[in-house]
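So here's one chain in two forms, each on its own in structure tokens, numbered structure 1 and structure 2.
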Structure 1
């Protein structure tokens, strides 16, 4: 059913290297509207790098990116945002010294008729969005530095969904959170999915993403090992993909798949 639609995102044969080291090699990945794709792999497998190419933080060496079937030019974060791609980084990427509203609107501030910052309007909108996401959030006047990990996370998420994102990238979204906050993020992902937003979930921990994702894509040493629908594979099979690169029957192998004729040793 999904196959008949045009993918929201289609990254083909993406490669990037840093100083001779291939961080990502010939990786291809796609995402459909209303779909959650889990991008899995060890630390250093290249998943964050691949996704930073989509969000404009890195510039690819080769390969193409298509958004809604049309070739997209993404050279910096501004370009990515123009395509409706919003990213929540592992490091959260919030400016610690300014308040929540300033962070939510960073780079896209609301201004008055005179072109000056409309802080009151921004704070008002911030209160509205944060009220939906995290009703207990009260500390609007304080620099983000003073907030807890979960609160900072909700600021980062609020920023991503504030501007009608169509494609959401979440890099280890629950790494800094407690169980209750993790559950909240899970609910939020389901809600956004039902609104037709496509979501990439990046994690090195399969348990974080397996239940939320429609498909998983596993990377190892900069290459895609394989892609599978979560209902066609088990957690153990996915783990085997992550650890040794062995592709189960239910998955589509990629260039990084362990070849049976050529055992790695």
Structure 2
């Protein structure tokens, strides 16, 4: 049973430098089961670098990561996957020339007793997972390049959760999608939340974040400016956090907040 009182992820005082420049400095963020946390900030703010540390793409210089309350060792993407962490990049990294089932099992194909590909088993499992995630999906026999942006996103998400991911990192999941497809991705995220999966949502679109996220974390110059529940702040207040580091009353300030908003002591 999921314990929603214990964070799925706790990243505490994470720092990393490249060539002596602090890309991320003393950043702390957490994520609970069934929660979406939106990460906002200008290009170069540090949000993607912080999340790449969680995904194993970068190795942190200092700080700790806890998964389900226990300290985690994440030095590479294989380590991250072992902890149930999957990343869905903006480019999706799907194989356009094959169908949904082949994408879901790419690199982890099922085989028969004779050592041949078990296409029937893979399609059956694909239908099961897609049925749970996106019941309206029907285009199992078509190459992924023939699918819409929202359907391709469904395939990428299904591939992540097929192997029991509990923590999803979604990088600009609605970029270049129309309103209908954006709504479809929103439905996918709500379904994932209902299953207790936690999601870090990296986005430049503040409207998306307010539509989909339970909390928002703003970064600036490699530091966390502040964190807030979306229901406790306005879009204008979050914009002020992004642009000048001003933290409103409804948010918890971080090390990157304007000095008058930092906690004393």
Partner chain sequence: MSEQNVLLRATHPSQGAQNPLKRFLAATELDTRLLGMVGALIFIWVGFNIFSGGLFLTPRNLWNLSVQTASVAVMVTGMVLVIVARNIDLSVGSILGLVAMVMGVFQTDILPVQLGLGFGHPAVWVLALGVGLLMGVGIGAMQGLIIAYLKVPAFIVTLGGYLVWRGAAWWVTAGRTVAPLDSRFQLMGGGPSGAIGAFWSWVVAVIICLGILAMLYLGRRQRRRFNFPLRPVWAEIALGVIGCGIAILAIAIANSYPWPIRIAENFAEAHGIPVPEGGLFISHGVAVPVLLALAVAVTMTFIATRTRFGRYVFAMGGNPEAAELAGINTRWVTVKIFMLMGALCAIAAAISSARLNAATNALGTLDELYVIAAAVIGGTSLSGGVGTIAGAVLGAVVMQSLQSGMVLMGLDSPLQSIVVGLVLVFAVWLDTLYRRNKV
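Positions refer to the first chain, counted from 1. The structure displayed is predicted, hence computed values, not measured ones. Just so we're on the same page, rigid core means the largest C-alpha set that superposes within 1.5 Å between forms.
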| item | value |
| --- | --- |
| Structure number of the form predicted in complex with its partner chain | 1 |
| Residue 75: Cα shift of 2 Å or greater between the two structures (core-aligned) | no |
| Core-aligned C-alpha movement of residue 84 between the two structures, 2 Å or more | no |
| Threshold 2 Å Cα movement between the two structures at residue 188, rigid core reference | no |
| Backbone CA shift between the two structures, residue 119, after core fitting (angstrom) | 6.1 |
| C-alpha positional change at residue 105 between the two structures - rigid core reference, Å | 3.2 |
| Between the two structures, how far the Cα of residue 143 shifts once the core is aligned, in Å | 8.3 |
